[in-house]
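What follows is one chain in structure tokens, specifically the form predicted on its own.
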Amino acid sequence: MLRVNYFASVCSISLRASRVAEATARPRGFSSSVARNKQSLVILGSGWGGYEVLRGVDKKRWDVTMLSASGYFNFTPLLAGCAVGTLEFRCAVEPVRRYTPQVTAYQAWCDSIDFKQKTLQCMPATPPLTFEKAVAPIEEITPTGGLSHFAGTGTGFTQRYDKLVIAVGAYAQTFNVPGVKAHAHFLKDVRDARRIRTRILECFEQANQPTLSDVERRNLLNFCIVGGGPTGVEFAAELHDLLHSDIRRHYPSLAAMAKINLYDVAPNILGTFDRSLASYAEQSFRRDGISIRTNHHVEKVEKGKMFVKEQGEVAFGLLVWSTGLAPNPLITSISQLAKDEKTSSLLTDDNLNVITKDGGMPDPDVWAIGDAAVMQDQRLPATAQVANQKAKYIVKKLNKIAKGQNSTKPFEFHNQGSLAYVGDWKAIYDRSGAENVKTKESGRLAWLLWRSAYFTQTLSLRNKILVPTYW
């Protein structure tokens, strides 16, 4: 009897074990609307376009990879304030790593794209490693326009994609003027703002040395800005405020020697604004002692001096260069896609898909936004507003695709107006090109609109607290 019971118990245990093994072998069923095999979405660039796509895309439905040489987003309208100390540098950046590990992020360049194989050839944008036998070739200029500080690691890698968003932006345009890359400062990145702030303080400390003559001091305190667009104008305004507040308090004798010069090849500054608003900015600058030198052409830049066709040699302590955009090298290297003849940017259809050069057909798996692209039938300004609206359109489209829904509604741009700070708590606001409510403002009311707009556009709770605190 004991043997029978023992045998029965053994059989029972074996039967239970076999059932457990069978249940383990079968896949467990979960009720989920998310596909098990997510498609790969690769975003190139973390600017106004790429970062907005990263923020908004459904990361539960997409396997998202971000490739960015900087690893953070620059809130570009605040860079001028950061350059003079109105704001701290952290107010103008948002880290890509905020969204990891939900997404995969690499600090790297994309060197080339194989659209047929759907692969990217990438190169790390980090300092070279000691054990590597080869290093990457040194880039002539960085995305911000300055010289690169290191070659980068020499070990490239391949990244596959199912869907691709090209938002690599553009470089600073120098028009091949000799010496600009080596001796001028640009203002497209928070690192540029840091270098400019350091150089401003250096100029005053150098001018304060007792061994210098007044002529040498005035040369050091001659601040030149080339480019009369919103970036150049806002930096000139922020610098003027700095000179008439902190600098006047701490360097009273030197503040009177400082001078700001704004150069542009065009007959007027702020060419994209309503003419009456641009005139208001010019009059405001002239009252504040800022020299506006339009129809002037810089021919060459050397250390501490530049050569202007209409003036001759001009000594400077700081030169800030802001004269437009040049194509990103990645965009230049792409030969399979159609490009705009004027800007060399990628052409897209009204759904923002890139257009192949051979067949003239859109690629349904690749989109291009921001300064790297222009629409085929609608020319829009290369502004953060346009890039941001295009990114939001792409987010909606991608999230619908992930749910298996079609989205063929074309992109529509809604002009919310343009803003520019002109100093002394004054600004200009131009909405004359809007579809419905057309208006324009100048002075203190426009300044309130300027600050309100940028405050509401700050992305993180941290910066929504920090920015008004510093202001």
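This structure is a prediction, so every number in the text was calculated from the model and none was measured. In this text, residue numbers run from 1 along the sequence as written.
Keep in mind the form predicted in complex with a small molecule is missing from the figure; the text below concerns it.
Stretch 368 to 376 is the answer when you ask which of 219 to 227, 293 to 301, 253 to 261, 368 to 376 has residues with heavy atoms within 4.5 Å of the small molecule in the model of the complex. In the model of the complex, the small molecule lies farther than 4.5 Å from every heavy atom of S40. Taking the partner from the other structure, the small molecule in the model of the complex has a heavy atom within 4.5 Å of a heavy atom of G169. Mapping the unseen interface onto this chain, K188 counts among the residues with a heavy atom inside 4.5 Å of the small molecule in the model of the complex.
Contact between A427 and the small molecule in the model of the complex is not found at the 4.5 Å heavy atom cutoff. Distance criterion of 4.5 Å from any heavy atom to the small molecule in the model of the complex singles out T383 from the list S284, N399, T383, T104.
With the partner removed from view, the residue among V53, A446, L67, V64 that has a non-hydrogen atom within 4.5 Å of the small molecule in the model of the complex turns out to be L67.
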